[in-house]
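Let's start with one chain on its own, the form predicted alone, as structure tokens.
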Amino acid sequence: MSIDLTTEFIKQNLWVSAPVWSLAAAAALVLLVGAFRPRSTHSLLPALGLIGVIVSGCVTVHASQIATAPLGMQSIDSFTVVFDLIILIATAIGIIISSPYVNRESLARGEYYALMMFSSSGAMLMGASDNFIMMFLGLELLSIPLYVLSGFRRLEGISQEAALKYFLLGSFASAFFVYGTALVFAATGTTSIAAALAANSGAMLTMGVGMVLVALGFKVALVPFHMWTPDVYEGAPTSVTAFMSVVAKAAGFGGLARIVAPGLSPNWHLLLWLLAAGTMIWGNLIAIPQQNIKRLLAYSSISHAGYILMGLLTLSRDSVAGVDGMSAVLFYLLVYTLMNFGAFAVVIVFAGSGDKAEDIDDYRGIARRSPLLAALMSVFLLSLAGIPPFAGFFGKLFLFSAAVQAGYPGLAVIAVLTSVMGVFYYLRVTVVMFMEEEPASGVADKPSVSASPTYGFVLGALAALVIVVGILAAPVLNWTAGGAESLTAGRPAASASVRYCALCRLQRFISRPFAFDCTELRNLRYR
């Protein structure tokens, strides 16, 4: 009997958490190798990190086929698989673009890649959590490595300032989460997310959930919890900023999805509506006058958090729009990973050694010296702006459509108008690169804009994916729909066929050879 119990324990407990501990184990291995073989930091450690990410991806898919019973602390449903794979893709891209950067900036130390992988394992834990305590563990595992990475340039004051600000405000957010969890337990007698939200126990539960939402709002940089974002993004090493802008945001929304999916009280709908609207308006509005490219992308990141929150808000509706909205959120997280990493990778190349050229004025006329890099940067910026046929356009289209279906047309109108505002500051960078002359003085002092083979490969692959995922969006959206249906208790996405048919017509207009047969798409289901 004891053998059977042990076997069942391993099967249902260890395999449920296998995606997290496999990546954490790989991170520990990278840390040990870096400690005992310091000279391996330039080549071996990034390779070990990538192998660890690939192994964790395989474990994630395999574990989902073994551990299917919910245990009350974590889930490994289809949503977990899709979410974890998005995090792992972001981690792999982060490792690849970090390797040349940390070598160039003399930051190559073994703990860099290990911290990045530990942070990703915390993000995966947040997306799989069914319990507030488990989500808090994921939040801390995500955040603490990011505090260290933000101050990785130990000798520079701006990096020290970024790390200190992030640590102090992150600590306040963690305190909100802990106290909110305590209030939830006091009100309901449980820390299970679904059970606590179903209790509907009055003011104390409301206060507890509100504090938890404040903590997660800080992590995804929702207005008014966004004040740390521009300073931390500017001060942190650019490769860390790129990683943080994607993984931390995805982790926060993964946690929010686990809380919103069981069903929040209608009183929360208006608050989430206001948070989404305010984030979209303020992020885009303040991005317009920015002169530093990293601060501009920081406020851009804030505005995109508002778009994603709009998709999550559809989960509060007991309708198929919630499934479509969550599917659009997962799709957008994947697309945002590709285009944001691409934009920051170009910033790394343009800035040169020491990150000296980060002002938008430094980009004036740079297309004449490096037309290919300028063109790649334009692809990523146009995708962030939501210009067709790039993937960012389809991501926003699906989010806006889901918001209208869920009964939030006003929020969708705000999203469209703020997207138009975003076009202005994204195109401003493109205009500066292609249509303005370089200043006559100081041209000889400008850093080289030649990309290393690694960056050339990564930028080309990311730009190609931004275009391909945009034109061939339907299969990817169908994949994310499987995860959305799992999160929403298997509610079918009845509007999917209409969505796919509309997408087919749009794709035929953009590129007829790549059009899909809607009948075949409707028969594809995520396994």
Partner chain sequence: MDIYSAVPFSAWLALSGLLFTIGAIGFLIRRDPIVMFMCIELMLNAGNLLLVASARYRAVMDGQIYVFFVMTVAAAEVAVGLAIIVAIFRQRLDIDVDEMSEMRG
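Remember, it's a predicted structure, so these values are computed and weren't measured experimentally. Numbering follows the first chain given and starts at 1.
The next section is about a form of this same protein that is not shown, the form predicted in complex with the partner chain.
**Student:** Would you confirm whether the three residues N267, L382 and F400 all fall within 4.5 Å of the partner chain in the model of the complex, going by non-hydrogen atoms?
**Tutor:** None of them does, since no heavy atom lies within 4.5 Å of the partner.
**Student:** For S419, is any heavy atom within 4.5 Å of the partner chain in the model of the complex, or not?
**Tutor:** No, S419 stays farther than 4.5 Å from the partner chain in the model of the complex.
**Student:** Taking the partner chain as it sits in the model of the complex, is Y336 in contact with it (heavy atom to heavy atom, 4.5 Å or less)?
**Tutor:** Answer no; every heavy atom of Y336 is more than 4.5 Å from the partner chain in the model of the complex.
**Student:** Considering non-hydrogen atoms and a 4.5 Å limit, does the partner chain approach R364 in the model of the complex?
**Tutor:** No.
**Student:** Any chance F132 has a heavy atom within 4.5 Å of the partner chain in the model of the complex?
**Tutor:** Yes, contact at 4.5 Å.
**Student:** Please identify the residue among V431, L168, L372, A198 with any heavy atom within 4.5 Å of the partner chain in the model of the complex.
**Tutor:** After the contact test, the surviving option is L168.
**Student:** The partner chain isn't shown here, but in the model of the complex which of V148, I288, A92, L271 has a heavy atom within 4.5 Å of it?
**Tutor:** Checked against the cut-off, the match is V148.
**Student:** Counting only non-hydrogen atoms, which stretch in 157-165, 242-250, 383-391, 340-348 is within 4.5 Å of the partner chain in the model of the complex?
**Tutor:** Of the options given, it is 157-165.
**Student:** Heavy atom within 4.5 Å of the partner chain in the model of the complex: which residues of 204-230 meet that condition, in order?
**Tutor:** Residues within 4.5 Å: M204, M211.
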